[in-house]
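The chain below stands alone and is given as structure tokens, in the form predicted on its own.
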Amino acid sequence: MITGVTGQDGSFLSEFLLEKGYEVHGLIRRSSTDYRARIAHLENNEHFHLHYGDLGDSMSLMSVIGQIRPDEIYNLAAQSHVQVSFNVPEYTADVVATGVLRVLEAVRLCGLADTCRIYQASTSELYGKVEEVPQSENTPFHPFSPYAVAKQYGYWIVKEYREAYGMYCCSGILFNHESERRGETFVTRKITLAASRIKQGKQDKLVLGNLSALRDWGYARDYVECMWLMLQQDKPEDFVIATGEQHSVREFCKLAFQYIGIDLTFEGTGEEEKGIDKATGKVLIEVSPEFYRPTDVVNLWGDPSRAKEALGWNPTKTSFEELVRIMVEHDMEQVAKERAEEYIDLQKIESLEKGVIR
């Protein structure tokens, strides 16, 4: 069973588990709008099933878990946007913190404590105002956002249920992991989409926040394998899941634009910094304080040594450069498709105006 099945990680994990012969059950929220694009290609698979439920509703969780009686649960659902968590802190706490408790209690009350293994999606945001670099399983937490504080509760309640009830439950402390399926409001996808739109004349410039923020970026498709590996061990343990490499937002921008044939140079500092096309002198990237967080995490860098040794996982199967290339190529195709659809729509409008189409 996967909560958050419609998200980036949920869709990749569903594909991964189906390929291994699993029967996969996904939890989705009822909505009047379609948000299942990432899993649409799986919905005709006879081994893939969807159920309505919500991490904010313990009764729905107990109902679904009691019906399915899963061997493994991957709790990936969350209000996962850090900036948004400052705007909706109470909702973030209810889903990201108490939601974990509801899953654990549902498993226990359904009599599955001895048979069901639970993976909890934790986050590098736990380290927040970092106290050492790089961060490992032993680094103290210093959460720096409502999202991170909620995730810390989730991390500790998993530990409590593991120790109090002997349940097989563990947390993967995932550092930033991106892909072509990343939501468009996240900075990496915002960059690759903007670069593609600028290249194809659909956008003039890109406005970002702190270009000097440092992150450990990996490929989401690789990270879901590590989630699965964590539930295949003899005993439950928490692991840092990261690449062990660090790059700035500025580096990500430079590489993304490089892949579309634009060589950027950066001038100025702080809010006055600009990314300029070397060939034309045109300003393509600007900085706005609007995109700075009230408290900002600036230096996340994970140490995946334990995961590599204990799980046999390769954190750099997909390199940083390859990750950016995958995202840019996908978005170049998406923008081209959007342009083609707009052209067809324009032709239809012109035909209607001329009375060609009745």
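We number the residues from 1 along the sequence you see. Keep in mind that what you see is a predicted model, and the values were worked out from it rather than measured.
What comes next is about the form predicted in complex with a small molecule, which does not appear here.
None of 262-270, 131-139, 193-201, 116-124 except one has non-hydrogen atoms within 4.5 angstroms of the small molecule in the model of the complex; the exception is 116-124. In the model of the complex, the small molecule sits beyond 4.5 Å of every heavy atom of H41. R29 belongs to the set of residues with a heavy atom inside 4.5 Å of the small molecule in the model of the complex. Of the heavy atoms in G56, some are within 4.5 Å of the small molecule in the model of the complex. Although the partner is absent here, R182 is a contact residue: one of its heavy atoms lies within 4.5 angstroms of the small molecule in the model of the complex. The partner is absent here; in the model of the complex, the one residue of I73, V107, I285, L76 having a heavy atom within 4.5 Å of the small molecule is L76. Interface residue among F239, Y147, Y161, F257, judged by heavy atoms within 4.5 Å of the small molecule in the model of the complex: Y147.
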